[in-house]
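Take a look at this single chain, the form predicted alone, given in structure tokens.
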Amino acid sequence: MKVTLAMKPGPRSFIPIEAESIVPKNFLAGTDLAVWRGNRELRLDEVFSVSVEGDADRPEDVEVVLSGDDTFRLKRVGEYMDGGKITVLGDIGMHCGNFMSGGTIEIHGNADGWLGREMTGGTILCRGDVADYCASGYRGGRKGMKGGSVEVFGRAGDFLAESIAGGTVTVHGDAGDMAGAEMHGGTLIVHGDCRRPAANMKTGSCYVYGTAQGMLPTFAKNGTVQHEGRTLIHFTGDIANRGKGNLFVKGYKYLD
């Protein structure tokens, strides 16, 4: 079953559209769904041109395709998603994949903040860049992503995978400040550079294939290792958190 939601041209507005209803399982009962713009409830067909091909009995057999110039205004798409697939042919707004436990979200453009927030399973692929707090916990939360995988083919903003407790996050470009801060577990891989990685980590593994700028002095150097054909410097810590985590970097520069 393929559900195509093409956003209709509309008035320019700074108000995002709360679209947590857009998850594959909800379309098994039809397309009589609603989204919200501010305090106004809108039928799905008021915002999108809707088309459906085929049918399905399980969420795993449903694909939802989002298209249009304004998909960046859609928030919370895929929230609590547990199966099926969502394909975004452009950019997507904040909180995409919140608490996701299964299925696949593929974003062909960029993603705003909190992508994959506190997800427990499933797969998110972002072909562009992601903003801050990707795969992290929400403010005040003790744990971020707990399972599944997030792969970003562009760059990531600050606080990537903050408080991650499980799963794997891979960024093929650079990341911003505090990547992997407060790690409790899981794996973070940054192919480019980042700043102050794995600060206050307790457990888990963080790999930086580029340069760790502003390397914190509370990590203990522990020789070198081979990983994916690369020679990386192995650090343990963060000692400031009595941590037993592992940080592997290609190169590093301490804070001035």
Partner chain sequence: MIVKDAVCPFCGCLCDDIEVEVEGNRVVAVANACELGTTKFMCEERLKGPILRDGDGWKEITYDEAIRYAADTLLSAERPLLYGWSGTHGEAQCVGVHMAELIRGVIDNTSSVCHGPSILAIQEVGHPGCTLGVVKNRADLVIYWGSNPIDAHPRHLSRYTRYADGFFLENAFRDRKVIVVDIRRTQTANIADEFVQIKPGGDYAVLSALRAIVQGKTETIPRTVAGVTREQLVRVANLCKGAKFGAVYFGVGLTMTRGKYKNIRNAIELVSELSRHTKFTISAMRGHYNVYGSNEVNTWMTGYPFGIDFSRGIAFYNPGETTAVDILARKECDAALIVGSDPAAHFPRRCLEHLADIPVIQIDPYPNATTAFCNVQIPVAVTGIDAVGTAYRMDGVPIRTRRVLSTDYPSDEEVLLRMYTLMQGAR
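Computed from a predicted model, the values in this text were never measured in an experiment. Positions refer to the first chain, counted from 1.
Keep in mind the form predicted in complex with the partner chain is missing from the figure; the text below concerns it.
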If contact means a heavy atom within 4.5 Å, which one of 47-55, 209-217, 222-230, 25-33 is the stretch that engages the partner chain in the predicted complex? 209-217
Would D112 count as a contact of the partner chain in the predicted complex, using a 4.5 angstroms cut-off between non-hydrogen atoms? yes
So, in the predicted complex, is P16 in contact with the partner chain at a 4.5 angstroms heavy atom limit? yes
If you check in the predicted complex, is N200 within 4.5 Å of the partner chain, heavy atoms only? yes
Test of understanding: in the predicted complex, would A165 fall inside 4.5 Å of the partner chain by heavy atoms? no
Does the partner chain, in the predicted complex, lie within 4.5 angstroms of each residue among R40, R76 and R139, using heavy atoms as the measure? yes
In sequence order, which positions of 179-214 have a non-hydrogen atom within 4.5 Å of the partner chain in the predicted complex? A181, E182, R195, R196, A199, N200
